[in-house]
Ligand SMILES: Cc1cc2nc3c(=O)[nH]c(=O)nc-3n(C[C@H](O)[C@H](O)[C@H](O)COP(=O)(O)OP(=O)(O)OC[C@H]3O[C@@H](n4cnc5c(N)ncnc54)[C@H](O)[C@@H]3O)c2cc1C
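First, one chain by itself: the form predicted alone, in structure tokens.
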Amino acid sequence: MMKTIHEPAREIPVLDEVDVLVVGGGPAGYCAAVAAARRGARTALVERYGCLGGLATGGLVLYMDGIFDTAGRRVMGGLVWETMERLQAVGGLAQDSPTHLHVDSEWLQVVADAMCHEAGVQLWFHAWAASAYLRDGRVAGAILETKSGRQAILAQVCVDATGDGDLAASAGAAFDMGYQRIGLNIKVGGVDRERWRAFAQGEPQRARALRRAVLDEGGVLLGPNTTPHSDIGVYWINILGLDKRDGTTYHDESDLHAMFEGQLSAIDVRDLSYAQYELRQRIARSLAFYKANVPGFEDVRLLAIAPQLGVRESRRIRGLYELTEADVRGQRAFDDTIGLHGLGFAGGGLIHLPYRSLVPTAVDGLLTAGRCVSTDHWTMQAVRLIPPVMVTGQAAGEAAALSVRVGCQPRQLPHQALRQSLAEAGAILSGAEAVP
């Protein structure tokens, strides 16, 4: 039994009072805040780190998967595409091809800041939402831990964009837990990617042997991905990461879902602390191994280790509708579709994202956005990616603002009103609207 202490009751000062409060400033969160503010809602955004963008900035997850379908059509508009265009304008977007986009983590911080500022969002950085504030049985704000002490922000509607569903869970929302490998991405310089590719293609047996050897030595695989600075050898590397505490790093590359399966919990401080330390040590060993053994990596330099762990799944808040594998494989469309996701791993087609998956089953005053929305475990493998969480974020922000304006709970919001609002904001809601 865990030892406990008693915390005396105390009065908590109210830092702000708004129409819409968004908790979590990752891709879903900043899109939710911008969408709500542009609809005229007084909006505040709380972020525990010092920048917006979440795993797309602090996590160095830079590939924008799902903006295009397998036929090359653009199936996302709205704030997703606006972000890409803004990044392109400042040199913060790299392309392997017209449909394979990689963002620059530093420029995305600047662009997200600007979008929020222009919309009138009140940003609160370095503030951790410790719990939901409940009033009359509904979520009416959040209790924060900050350098200024424990404070509160009150709101008519809140959006949980924490990734882990922290706000919803603290409000009593039902959830299911999912587990995938936890990674830790890096940026490197000095890599000759063309030489590395030529080696991998020209000597496949030796390349496989080296991959196995680095895993045997307790390392991780390093595959350089594009950045706007790849012309000078700067790349980002997606580290698949750890699946469990015994340090196993082997994975089944024949099945995408099996490859990502894990046992570490993203809501357990012990597992998170273990992963943070262990992955840094493995990265160091791997860089030394690649430098000594792998063509193209002779001059590799470590430029950055992501300050945020690459968490792929944790709580999935149970919503009015759970998006399932059957829906995805059947390309099911919904009356309340709020956006699309180009699908690449299950035979092509589109994922239709329903609004009801953003609405918790039994908690009012609250919407979810990002990787804590209601899906089954299989489907979360796609929905957790950066562009689709931005789609759910924009929809949650629009819905929150409309709910305040209409004077209803998010679960009562007419779907057609939300879809019209999203369409006006440039969202793509059906395959017929996809851009060739």
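One rule holds for the numbers: they count along the sequence shown, beginning at 1. Just so it is clear, the structure is predicted and the values come from calculations on it, not from any experiment.
One more form of this protein, predicted in complex with this ligand, exists but is not displayed; see below.
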message = Please tell me whether the candidate spot formed by V46, W128 and N238 is one where all three residues come within 4.5 Å of this ligand in the predicted complex (heavy atoms).
response = yes
The listed residue (V311, A152, V188, L93) that reaches within 4.5 Å of this ligand in the predicted complex by any heavy atom is V311
Next on the checklist: With a cut-off of 4.5 Å between heavy atoms, is A36 one of the residues that contacts this ligand in the predicted complex?
Outcome noted: no
* Asked: Looking at the partner-bound form in the predicted complex, is D65 within 4.5 Å of this ligand by any heavy atom?
  -> yes
Q. Should G163 be counted as a contact of this ligand in the predicted complex, where contact means heavy atoms within 4.5 Å?
A. yes
Might L385 be said to contact this ligand in the predicted complex, defining contact as any heavy atom within 4.5 Å? yes
Exactly one listed stretch (316-324, 69-77, 154-162, 109-117) reaches within 4.5 angstroms of this ligand in the predicted complex by non-hydrogen atoms, and it is 154-162
